[in-house]
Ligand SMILES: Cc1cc2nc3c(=O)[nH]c(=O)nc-3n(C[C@H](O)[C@H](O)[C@H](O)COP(=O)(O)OP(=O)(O)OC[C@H]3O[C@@H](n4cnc5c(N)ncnc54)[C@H](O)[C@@H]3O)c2cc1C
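Only one chain is included here, represented as structure tokens and corresponding to the form predicted on its own.
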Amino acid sequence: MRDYDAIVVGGGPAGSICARTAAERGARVLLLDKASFPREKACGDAVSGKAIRVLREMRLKEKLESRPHAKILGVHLSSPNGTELKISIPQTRADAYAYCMRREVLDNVLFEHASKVCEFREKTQVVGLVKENEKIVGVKVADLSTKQTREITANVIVGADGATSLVAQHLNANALPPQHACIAVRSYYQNVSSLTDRIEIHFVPEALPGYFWIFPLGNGQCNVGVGMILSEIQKRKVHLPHVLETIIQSSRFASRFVSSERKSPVMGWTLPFGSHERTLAFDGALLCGDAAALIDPFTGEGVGNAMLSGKMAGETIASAIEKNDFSVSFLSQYEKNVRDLLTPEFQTSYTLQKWSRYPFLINLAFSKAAKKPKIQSILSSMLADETPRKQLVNPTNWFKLLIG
């Protein structure tokens, strides 16, 4: 008999949601993380409509709102030539808004929620996988406090350990080409002027293909950062912290930072895009969240997809326990469900990302969108996660809408 039904590696949004979902359905779950919560996590800190949908289902929304955050009622966009577009989340319900919240806060709430129904161990690093006849049956872990190692077995191992996932590496999951990944850097600032209840995304020449952002966190604080496609960074030998500083000091933004104070070092991280499919199901193992490369190629949003994939992985584990089938043929249903839900979005976003390499196309799109209420309405519904995704997956339709 295995020690556990499932071992979930990584206590971020994907791992914690997976562990909670599986444990609530009767699974014996061990949740592992190399850090100790609460812990800092480099991210843009936006919590989108997808994530909020999962938070509502897990009855966590009120708890999150008791923690430091900013309510977000829309997005403020600008093009390379400075054309602005302000899109509001449709007010279809009393709580029709998104959040900006430090990942240190968000992840801690999710980890606490999961740890109430499953066993957990912090400061525990996975250093290898245990196999029997090529099937994954456990993990080899190192206690980071004592340096002792041991093996722990389970019917299913879930890799939810982020963009540089050790589980994915040990599973020999396919690597991502640099055109399907992004590098981002961010820092926290106090007293940046003209903050509102909107997140800001600015397509500035210095960051293409990518963008500069300012995300309010409440109490005069904000997350300021920039992201760019990895292949372009390598090709042009870009130093992103320098790009971030150049944008902040540019004539377009300098006045807003005159009285500001940087409150944290610049931190960087990798965003693996879902535009290049990674294998997600193996004999006795699953990948979810960033470890599964499920970040949107255009927006860079990953928390919502991480939560959704974690929930789907937890449900699949519960079904596998019921059927006593932990084979790749059974667990592959999880991968199919994830692909059916997210692949059309990823394909569209990847096309939009490629278009965003050309400033004149972005300028044209913004100019047209600013004059077309229909486009603004579609974008507004997307922010609220209300528009059926199958209506949004054809880039040609977007192009016709913009130039028509």
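Start at 1 with the first residue shown and count on from there. This one's a predicted model, so the numbers in the text were calculated from it and none came from an experiment.
The same protein has a further form, the form predicted together with the named molecule, not shown here; the description that follows concerns it.
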item	value
All of Ile72, Leu342 and Pro344 within 4.5 Å of the named molecule in the model of the complex, heavy atom check	no
Any non-hydrogen atom of Phe215 within 4.5 angstroms of the named molecule in the model of the complex	yes
Partner proximity in the model of the complex: Ala160 to the named molecule, non-hydrogen atom cutoff 4.5 Å	yes
4.5 Å heavy atom contact, Gly300 and the named molecule in the model of the complex	yes
Contact test in the model of the complex: Ala154 vs the named molecule, heavy atoms, 4.5 Å	no
Segment assignment from 231 to 239, 99 to 107, 329 to 337, 316 to 324: heavy atom within 4.5 Å of the named molecule in the model of the complex	99 to 107
One residue of Ala173, Leu271, Leu85, Ile247 in contact with the named molecule, assessed in the model of the complex (non-hydrogen atom, 4.5 angstroms)	Leu271
Of Lys368, Lys354, Lys61, Arg39, the one that lies within 4.5 Å of the named molecule in the model of the complex (heavy atoms)	Arg39
Within 28 to 67, the residues that have a heavy atom no more than 4.5 Å from the named molecule in the model of the complex	Leu32, Asp33, Lys34, Ala35, Phe37, Arg39, Lys41, Ala42, Cys43, Gly44, Asp45, Ala46
